[in-house]
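Just the one chain here, the form predicted on its own, laid out as structure tokens.
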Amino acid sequence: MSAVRIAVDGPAGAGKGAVCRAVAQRFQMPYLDTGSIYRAVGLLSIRSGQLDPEKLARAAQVMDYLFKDMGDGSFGAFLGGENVTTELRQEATGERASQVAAMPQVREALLAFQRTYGAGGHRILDGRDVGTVVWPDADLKIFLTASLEERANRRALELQAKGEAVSVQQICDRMAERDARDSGRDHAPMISAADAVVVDTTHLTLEESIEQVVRLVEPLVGG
């Protein structure tokens, strides 16, 4: 059986990460959260105070980044050997990541890493432009989405579980701004590929979302 490439795109809070982690573990395939690469560059930008696209693109080309299965059901992000998983999930890092992701120089610098990730076997990538730019010829393309209100509520619950005081309205406003920036940029906008299967998770539990995607993947990779 030839290697199958699965591209999953969609906005923040739709459940891409949780669904893709579960699918990757179910079928024992490499998984890359491509958004985490941009978050890594965003973190480098914050730490250095640098927002120059050319300099950030050079940093992106040489950064030592690893996204790996931690063996406990989770995936960890490592930058230069440092576990930066928690830092990458912070709101400030996400905001900066959205800014650097709008820079064509940075996106171009990270393309090769994404395209060759897990080469040689089945693999799954999620992000904003995997099915349209990174793998336009992917074997399966999925656009995972949910209503803005539902996505904001999910993010608020996630932050509250960590003990953070949050405003659902503020999260909703930030998500709407990020959606507009990601879908409206000239280079590699976040849009559903014409041949993608749209999965709306607004009224689905996480388990139902996972099973719906598993049903799409299983005929291609086997059980």
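Keep in mind that what you see is a predicted model, and the values were worked out from it rather than measured. Numbering starts at 1 and runs along the sequence shown.
As for the form predicted in complex with a small molecule, it is not shown, yet the points below apply to it.
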If contact means any heavy atom within 4.5 Å, which of 59-67, 37-45, 164-172, 191-199 contacts the small molecule in the predicted complex? 37-45
Can residue 97 be called a contact residue for the small molecule in the predicted complex at 4.5 Å between heavy atoms? yes
Give a yes or no for residue 101: in the predicted complex, does one of its heavy atoms lie within 4.5 Å of a heavy atom belonging to the small molecule? yes
So, in the predicted complex, is residue 154 in contact with the small molecule at a 4.5 angstroms heavy atom limit? no
May I ask you to check whether residue 115 falls inside a 4.5 Å heavy atom distance of the small molecule in the predicted complex? no
